[in-house]
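The chain below stands alone and is given in structure tokens; this is the form predicted alone.
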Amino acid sequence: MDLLQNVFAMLYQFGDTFAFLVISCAGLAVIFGMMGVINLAHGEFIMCGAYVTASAARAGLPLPVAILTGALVAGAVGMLVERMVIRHLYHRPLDSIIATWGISLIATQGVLIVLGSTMQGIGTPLGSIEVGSRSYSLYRLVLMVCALGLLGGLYLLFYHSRFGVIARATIQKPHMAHALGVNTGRMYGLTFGLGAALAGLAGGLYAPTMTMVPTMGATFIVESFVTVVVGGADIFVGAAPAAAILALIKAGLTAWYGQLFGQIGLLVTVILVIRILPGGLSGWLKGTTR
């Protein structure tokens, strides 16, 4: 019985970490992995989604509707930021780093001044289940399903829809897409807005599990960048295996040595991948299938 409890605990920890990595990196994978914009304000888009979700839920909206509201508001803010700032910085990575870092600082300090150092959160729904002497959150299981659904949904959107084909063509060959009549500026804005909305969705999904503070985005950003860098440029080929490998490393080290060693394991992994596989897992996987 103890063995089964330990196995279930490990699988649960792995699934929880896998879900966190996939959900938190999805928006960054679109903006950084596909568009090449190093978005240091990714955590603030997540914070935006979380704050809007908590506010909407407290106003009486059902939690799923509140989460979607948070994602839509973050996406709208992202499109505004792209229109006013990011649009002028494509193919200027150093400038985009400084600009998004500035946006991050402005957003964090602005929320701190306007809303205070903390915000009333919402309780974790669905309760828990007992396995032996241990208790596990059912909502975390829902997040695991959401992570798989998110991967499938993004794959269908970018590979089996007209929007996805045009978006990928615009990002890869903008001059050719423009010559063929595509409104490339609009597509850049929509794609950046989608990435921001996915970040807001991450914040909304994890809002019931976290303390609402202006700096809550920092909890997500390291894992997000690590997953995207390990996965490589093709988010659909690299994101899932990268999240699975990193989740296994972090869950194992956390279970045996604690949270600190789990974080160190992620950072060591990304250093090794950059050194050995500069194209990430997606570059390596594509190379082996040629």
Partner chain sequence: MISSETTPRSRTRSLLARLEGPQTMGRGPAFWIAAAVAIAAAAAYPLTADAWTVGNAAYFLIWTFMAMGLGVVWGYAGALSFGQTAFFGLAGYAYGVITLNLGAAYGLTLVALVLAVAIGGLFALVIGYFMFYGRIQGVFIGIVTLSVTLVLETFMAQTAGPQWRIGEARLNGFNGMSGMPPLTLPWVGEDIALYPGPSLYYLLLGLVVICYLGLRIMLNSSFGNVLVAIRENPHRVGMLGYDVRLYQTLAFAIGGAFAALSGALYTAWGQYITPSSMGLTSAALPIIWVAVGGRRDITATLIGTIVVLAGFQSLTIYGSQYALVVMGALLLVTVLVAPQGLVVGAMTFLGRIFKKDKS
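Predicted model, so just to flag it, every value in this text is computed and none were measured. Positions refer to the first chain, counted from 1.
Separately, the form predicted together with the partner chain exists; it is not shown, and the next lines address it.
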(message) Just to be sure I understand the contacts: of 115, 97, 72, 80, which is the one whose heavy atoms reach within 4.5 angstroms of the partner chain in the model of the complex?
(response) 97
(message) Considering non-hydrogen atoms and a 4.5 Å limit, which listed residue (186, 175, 92, 160) is close to the partner chain in the model of the complex?
(response) 92
(message) Heavy atoms within 4.5 Å of the partner chain in the model of the complex: which stretch in 162-170, 145-153, 83-91, 197-205 meets that?
(response) 83-91
(message) When the contact criterion is heavy atoms within 4.5 Å, does residue 225 count as touching the partner chain in the model of the complex?
(response) yes
(message) At 4.5 Å between heavy atoms, is residue 10 in contact with the partner chain in the model of the complex?
(response) no
(request) Using the partner position in the model of the complex, report whether residue 32 sits within 4.5 Å of the partner chain, counting heavy atoms only. (result) yes
(request) Could you confirm whether residue 63 comes within 4.5 Å of the partner chain in the model of the complex, counting heavy atoms only? (result) no
(message) For the stretch 24-60, I need every residue with any heavy atom inside 4.5 Å of the partner chain in the model of the complex, listed N to C.
(response) 32, 36, 38, 40
